[in-house]
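In structure tokens, the next block holds one chain alone, the form predicted alone.
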């Protein structure tokens, strides 16, 4: 059984990697060339408006910006493959890999925290709505996602700051504390803001699937046999209903990462989002390319993990033929 599960996970992971590697190459090519279309010369941005043409030309030569575009791309691709680095920052001279490694733990913490909160919000609400279909609880739960999906993340973040940080003083207004338990407390509101944006589609998907499973014949049979409702829900209904929602969650990864980068700016958190905005402003191409590339890798990892979990939960995916993926 264990060997079969491991083989299934390895097979699904291999298929997903085969699909996403071309996507990764596309991200690398698109990010490199699109950044070159952005107006503004990095050398002039670094030296300032009073820089002389000679000093700008010297810095362009030093940074390799005077080389033909194809040669810049080849050098970038070579460094990425051999050193797994998108190059040194044009502004600070520090390796972009090191800059990203310093900021990534905070951003990843918000992502993981947000997923946990979104699940804790979505599952009870979807279960309450499905078990009381067309009742008042169902009507309330059906309205909440509509309201939540209409609110931009930065606005949700500002509301949370005003209520829970400024008025109630339960959480810090911004930044990440360093004392015992402070990082977790500091990241709660940013993660909640992202979770409130992520939860509405999860609630809708899970509610629809739960209603469908609740009305299935095998659930009726369990109820006729007087199996406790809690056992039916935990062992059979949720397991059968969660797969489409799990897929939706993995598809929402790009939204989740994008939302995290925006929310970091609202809460003044020094994570990848802040680094990305600063690097775009200074035309720091290697750092922007690095953040985009590592975010794409994170999407790949989450998609792979979700596919592997789906294979473990759905027996049809454990067969070579007839699987969904």
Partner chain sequence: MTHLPAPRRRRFALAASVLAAALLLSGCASGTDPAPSGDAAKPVSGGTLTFGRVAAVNNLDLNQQITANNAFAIDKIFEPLVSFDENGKIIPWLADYTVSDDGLSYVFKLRDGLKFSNGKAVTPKDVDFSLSRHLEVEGPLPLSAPIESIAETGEHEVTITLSEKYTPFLSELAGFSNGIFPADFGGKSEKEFFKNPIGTGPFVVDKWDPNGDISFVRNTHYWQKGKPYLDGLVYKFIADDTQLQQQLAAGQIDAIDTVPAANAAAVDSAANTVLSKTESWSTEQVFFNTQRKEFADEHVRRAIAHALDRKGITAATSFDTAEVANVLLPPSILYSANDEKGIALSYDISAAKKELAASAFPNGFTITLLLASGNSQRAQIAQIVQESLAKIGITVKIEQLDIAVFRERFFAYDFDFMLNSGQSDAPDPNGFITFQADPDGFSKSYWTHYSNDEVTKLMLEGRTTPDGPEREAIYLKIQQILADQVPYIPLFFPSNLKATTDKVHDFVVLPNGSVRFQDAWLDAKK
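Positions refer to the first chain, counted from 1. If you superpose the two forms and keep the largest set of C-alpha atoms that fall within 1.5 Å, you have the rigid core. Remember, it's a predicted structure, so these values are computed and weren't measured experimentally.
One more form of this protein should be noted, the form predicted in complex with its partner chain, which is absent from this view; the next part is about it.
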{"query": "Region of this chain that lies against its partner chain in the predicted complex, out of 63-71, 27-35, 290-298, 258-266 [heavy atom, 4.5 Å]", "finding": "258-266"}
{"query": "Interface residue in the predicted complex among 104, 227, 158, 248, criterion: non-hydrogen atom within 4.5 angstroms of its partner chain", "finding": "158"}
{"query": "Touches its partner chain in the predicted complex: residue 234 (any heavy atom, 4.5 Å)", "finding": "no"}
{"query": "4.5 angstroms heavy atom contact with its partner chain in the predicted complex for residue 57", "finding": "no"}
{"query": "Distance check, residue 130 to its partner chain in the predicted complex, heavy atom within 4.5 Å", "finding": "no"}
{"query": "Close approach of residue 244 to its partner chain in the predicted complex, 4.5 Å, heavy atom", "finding": "no"}
{"query": "Non-hydrogen atom within 4.5 Å of its partner chain in the predicted complex for each of 39, 47 and 174", "finding": "yes"}
{"query": "Contacts with its partner chain in the predicted complex - residues in 286-310 whose heavy atoms fall within 4.5 Å", "finding": "none"}
{"query": "Large Cα shift (2 Å or above) at residue 53 between the shown form and the other one, core-fitted", "finding": "yes"}
